[in-house]
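Shown here is one chain on its own, the form predicted on its own, set out as structure tokens.
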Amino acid sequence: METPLLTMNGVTKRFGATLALDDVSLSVRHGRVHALIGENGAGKSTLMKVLAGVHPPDCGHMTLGGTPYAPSGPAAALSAGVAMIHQELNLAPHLSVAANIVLGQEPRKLGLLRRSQQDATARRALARLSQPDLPLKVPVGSLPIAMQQLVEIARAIASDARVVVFDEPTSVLGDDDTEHLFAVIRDLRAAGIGVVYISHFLEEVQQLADDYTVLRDGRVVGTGLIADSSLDAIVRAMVGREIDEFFPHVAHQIGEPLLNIRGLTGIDTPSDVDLDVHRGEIVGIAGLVGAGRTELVRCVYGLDRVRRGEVTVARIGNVGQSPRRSIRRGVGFVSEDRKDEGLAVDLSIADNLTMSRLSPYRRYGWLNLASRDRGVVRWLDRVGCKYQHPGQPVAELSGGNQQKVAIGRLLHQDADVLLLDEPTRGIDISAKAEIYRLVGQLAAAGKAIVIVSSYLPELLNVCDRIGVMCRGRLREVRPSVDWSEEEIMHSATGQEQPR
């Protein structure tokens, strides 16, 4: 029988009283894609940090290529042939493409950088990714996110990586870029490289992976061949129970128009958008990356400059001139960039949930912190957030609970119009179901909700109407039951009718 490329046997890791990994074993074979599946907090990231040399295991051992493997740190792991492609890319944005590809392994002679050898190494790595013409001299931060991701993969190839770990790699990619990434991963597999693939999108796992391991609460609860397993069985292993509804439906009644957009035009996008959203209605915005979906809701909220057009809420105009004005008029916004823009991750849950409306806890210029904490607890309970105490840093929460804090801020703010940009990106299946239920409850309470999403099943199952953006324009808005995924993609690519 073939010796596995990588084995992790009986790996255990504690952080204080928390048992993050409990006797975890994992085996990755040459030329195979091994999916690592589990909810947020299941132990996936900790296990991969042990593999990458970030954390030493408390118990257990690893082998790589049949020999003992115990990296002293990330640099040692990379030298041994283990590379990680993080969801939040680990690049130096002001350095060139070539410099990023050889970062940490720069060719030198007598202490001086050998640029010709650096460029040759970078070019060979890019050629293996079918990107021989990617410019080497440009700052990597100037490239689209998909190209930046390829640069990081090229760095792994340049280091002669034998195992490459992909952590939620498609969460920031559009459909075309995702397909190209899959082609790259298949090329790595064909070259005999072992791939560990982490994703919350089980459709991706089914399409791409050969083997899988499911973690729950730091333990392995399922493993096997993808071809021999159903998605329902994998989901049951992930959550430890049946999920009756992936897209729970909450009855809600659509009322009078609340948000009215007329001729809204940004600096680049959107262009001449007209849209009405009613009380108790969930409207989805679909489209390819770069079509202007995010720019539309940012212009409505006042984060991006508007060249012309009008946004009114409850017949009061000039809403989208600034976030401050939007908040006062009852508009709330959840950014797609949870880490850098949607939340102040170094601040507490209480700070994040209340910062847009402190007036209920302020008297004579002083903030009553005890009163605020009591209010925060009420709102967190309402959105079903799991946390330790209101003073806990948001950074310590799972992705799904962070998103609930962001949505809870809008409820605490008493927003009537909720603009949600990729509200379930990077969170697990059960957390998604909880957020879908919460969105339905908000619609039932008379809120007007706009959801921007790249995940078409989400839009088709959660929204009442869906509009499709193409090249900055809102092409069509019609009831969700009148759309299919194929029709949405045809509209998003500028085609009138499916071929």
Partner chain sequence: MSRPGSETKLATTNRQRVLRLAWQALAPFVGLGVVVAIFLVYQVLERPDAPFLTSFRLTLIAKQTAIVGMGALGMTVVIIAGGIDLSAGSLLALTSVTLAVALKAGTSPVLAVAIVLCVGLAAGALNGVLITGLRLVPFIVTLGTMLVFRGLAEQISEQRKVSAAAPDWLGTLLDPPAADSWQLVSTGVWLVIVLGLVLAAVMRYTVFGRHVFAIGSNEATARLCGIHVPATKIAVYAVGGLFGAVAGILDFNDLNQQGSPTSGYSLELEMIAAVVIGGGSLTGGRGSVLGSIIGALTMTTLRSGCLYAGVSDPVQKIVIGGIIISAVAIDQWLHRGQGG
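Numbering follows the first chain given and starts at 1. Just so it is clear, the model here is predicted, and its values are computed rather than measured.
Omitted from view is the form predicted in complex with its partner chain, to which the following refers.
Asker: Tell me whether H94, Q105 and L113, taken together, all sit within 4.5 Å of its partner chain in the predicted complex, counting heavy atoms only.
Answerer: Looking in the predicted complex, the three residues H94, Q105 and L113 all stay beyond 4.5 Å of its partner chain (heavy atoms).
Asker: Looking at heavy atoms inside 4.5 Å, which stretch does its partner chain contact in the predicted complex, given the options 134 to 142, 153 to 161, 212 to 220, 284 to 292?
Answerer: Selected stretch: 212 to 220.
Asker: Considering D346, E203, D274, D381, which brings a non-hydrogen atom within 4.5 Å of its partner chain in the predicted complex?
Answerer: Selected residue: D346.
Asker: Would you kindly say which of E396, D414, D176, E310 lies with a heavy atom within 4.5 Å of its partner chain in the predicted complex?
Answerer: Looking at E396, D414, D176, E310 one by one, just E396 meets the 4.5 Å heavy-atom criterion.
Asker: Would D351 count as a contact of its partner chain in the predicted complex, using a 4.5 angstroms cut-off between non-hydrogen atoms?
Answerer: Close contact exists here: in the predicted complex, D351 approaches its partner chain to within 4.5 Å, heavy atoms only.
Asker: Would G342 count as a contact of its partner chain in the predicted complex, using a 4.5 angstroms cut-off between non-hydrogen atoms?
Answerer: Because a heavy atom of G342 falls inside 4.5 Å of its partner chain in the predicted complex, the answer is yes.
Asker: Given that the partner is absent here, does I254 sit within 4.5 Å of its partner chain in the predicted complex, heavy atoms only?
Answerer: Contact with its partner chain, no.
Asker: May I ask you to state whether S335 is within 4.5 Å of its partner chain in the predicted complex, using heavy atom distances?
Answerer: Contact with its partner chain, yes.
Asker: For 278 to 305: residues with a non-hydrogen atom within 4.5 angstroms of its partner chain in the predicted complex?
Answerer: Sequence-ordered list: Y301, L303.
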